[in-house]
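This document opens with one chain alone, in structure tokens, the form predicted alone.
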Amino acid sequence: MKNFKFKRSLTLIAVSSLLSITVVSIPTAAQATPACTTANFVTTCLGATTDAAPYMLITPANFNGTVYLYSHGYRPNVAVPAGIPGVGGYTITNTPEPAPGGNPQIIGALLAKGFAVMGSGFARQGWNADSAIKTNVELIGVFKKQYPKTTKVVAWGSSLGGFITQALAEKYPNLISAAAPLCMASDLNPLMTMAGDAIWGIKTFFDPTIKGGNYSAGPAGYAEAMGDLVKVFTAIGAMQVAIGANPAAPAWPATSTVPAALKAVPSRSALVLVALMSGIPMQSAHFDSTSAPAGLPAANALSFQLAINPALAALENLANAAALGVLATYDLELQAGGAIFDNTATNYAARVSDEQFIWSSALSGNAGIGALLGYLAVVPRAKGDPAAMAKLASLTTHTGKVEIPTILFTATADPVTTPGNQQSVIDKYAAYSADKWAATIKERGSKKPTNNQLALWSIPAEKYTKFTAAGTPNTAVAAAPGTNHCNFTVAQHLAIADLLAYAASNGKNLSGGALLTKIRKAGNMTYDRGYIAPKMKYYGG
């Protein structure tokens, strides 16, 4: 989730680029008074909250009283050794991030309008929502003490930071005036179910030596998790090579131990099934699941559209979800004290009962679907530790009970925090509003509560896959809008910032033509009351 940067080590797979930030010198111990310097009419203050979380405050000389509090996304709680495909070379950092990605354009634009910005690096990396919320509450107090003329605090964050922002809005509406959870993670159980299903599916079909969870204590468990990262990317790389060599019937990786009879089904169909059963979108950064190279014979073009492009989309998205899933699983097992993923009762046939018809060709028809699901029905399952799962369930969740204006924004083909995460919060808010209205409907003069939640979407084009002159997919181009994790432009972030400023000043979200004009100018932002993103079947479970 946002902030962790994957390397493009595979020639085909352009894994999500999770923004990095500039490292600055930050005090490591909590200090009551921040250390401030002023240059070019801008004051930058560095300090640490009582939990030793470093923070940064940036305030212009013409401060207008409104400060933006940004919460950064997931950063692994362990270093990832160099040489591990895709993710190697990561070092734990607690550098504060006062705006999305620490982007100087965003910071500069806000400062120019008289707004201040701030953010914490948080005391612990990994899944840290409970502690991060407390840190943010304290940081708001620190800022107000430093700048007593503060009138408004608006909160925004991406991915895990979106989760933190939504929870902050629910728990402390008296501290903030508006909030924007972006590409948010929703409740932890469904999120980790998605990750667990993806990892387990890759393990089951392509490399049974992947542990996929229930990691050992101490250094042995760390080594197991790092080994899983290598194995996951090795399996994905092998599938990439196989599809490139023979798209119609790619070979199974040498590490696969599925029965010989099952290997009659193209291995790309197993990839598609893993994506579907884990709830990962079937549009990826470079593959729209509908395009084919120009110049192919009609039959070959149709095969590419219906079977090969979807498999490549599944491959690319699984690289994102599975790699981060390994790291998050290891992190959360450390916190919970045991295995957190359990699929002993999961019915994968029921899970994909609707999707299997839509993606029938990619799954090699009824025979392929039956063979793949039949194998999943008889192989050993992963069993979670009840105490650990209970501990996981006790961590902060979203209620949807928000009394301040909130602005939600996500991509409908995000492979990490899938659109169902945002839809879950939309549904919870709708239920809360309905209950609130029902409770007051008998009161004389009562009015139906205003819907103060604005849900925006970034939706990919129907066709966007690019091909080289030789007819091979071109993955050197940028990820398509509406795809990848938190793949937003500076213009989109600034549009959200403007919407936050309006909401904070007016106590309600911008609407009507002014809203539509604002998001149209930003590009690739959609407001559609009728749009409902598919939620995973395991939400709420």
Partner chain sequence: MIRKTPRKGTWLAATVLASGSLFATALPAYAEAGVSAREIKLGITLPLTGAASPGYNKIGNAMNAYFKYVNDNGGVYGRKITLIQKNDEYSPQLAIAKTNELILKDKVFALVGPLGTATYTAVHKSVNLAKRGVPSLFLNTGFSGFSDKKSYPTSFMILSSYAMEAKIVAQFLKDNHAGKKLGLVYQNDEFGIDAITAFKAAGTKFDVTVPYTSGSQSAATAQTWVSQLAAGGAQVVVFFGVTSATAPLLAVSAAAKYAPQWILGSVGSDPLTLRALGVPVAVLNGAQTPAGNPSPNDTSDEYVKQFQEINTKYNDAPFDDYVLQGMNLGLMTVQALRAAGSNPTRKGLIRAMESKGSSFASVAYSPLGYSKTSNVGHTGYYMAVMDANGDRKPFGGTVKLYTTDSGSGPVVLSTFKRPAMPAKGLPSNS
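Residue numbers count along the first chain shown, from 1. This is a predicted model, so every value here is computed, not measured.
The form predicted in complex with its partner chain exists for this protein as well; it is not shown, and the discussion that follows is about that form.
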(request) Verify the contact flag for residue 341: yes if a non-hydrogen atom of it lies within 4.5 Å of a non-hydrogen atom of its partner chain in the predicted bound form, no if not. (result) no
(request) Verify the contact flag for residue 502: yes if a non-hydrogen atom of it lies within 4.5 Å of a non-hydrogen atom of its partner chain in the predicted bound form, no if not. (result) yes
(message) Taking its partner chain as it sits in the predicted bound form, is residue 514 in contact with it (heavy atom to heavy atom, 4.5 Å or less)?
(response) yes
(message) Even though the partner isn't displayed, in the predicted bound form is residue 365 close enough to its partner chain, meaning a heavy atom within 4.5 Å?
(response) yes
(request) Go through 236-244, 356-364, 171-179, 126-134 and give me the stretch that gets within 4.5 Å of its partner chain in the predicted bound form, heavy atoms only. (result) 356-364
(request) Let me know the one among 303, 346, 95, 214 whose heavy atoms come within 4.5 Å of its partner chain in the predicted bound form, would you? (result) 303
(request) Using the arrangement in the predicted bound form, list in sequence order the residues of 284-317 with any heavy atom within 4.5 angstroms of its partner chain. (result) 288, 289, 290, 298, 299, 302, 303, 305, 306
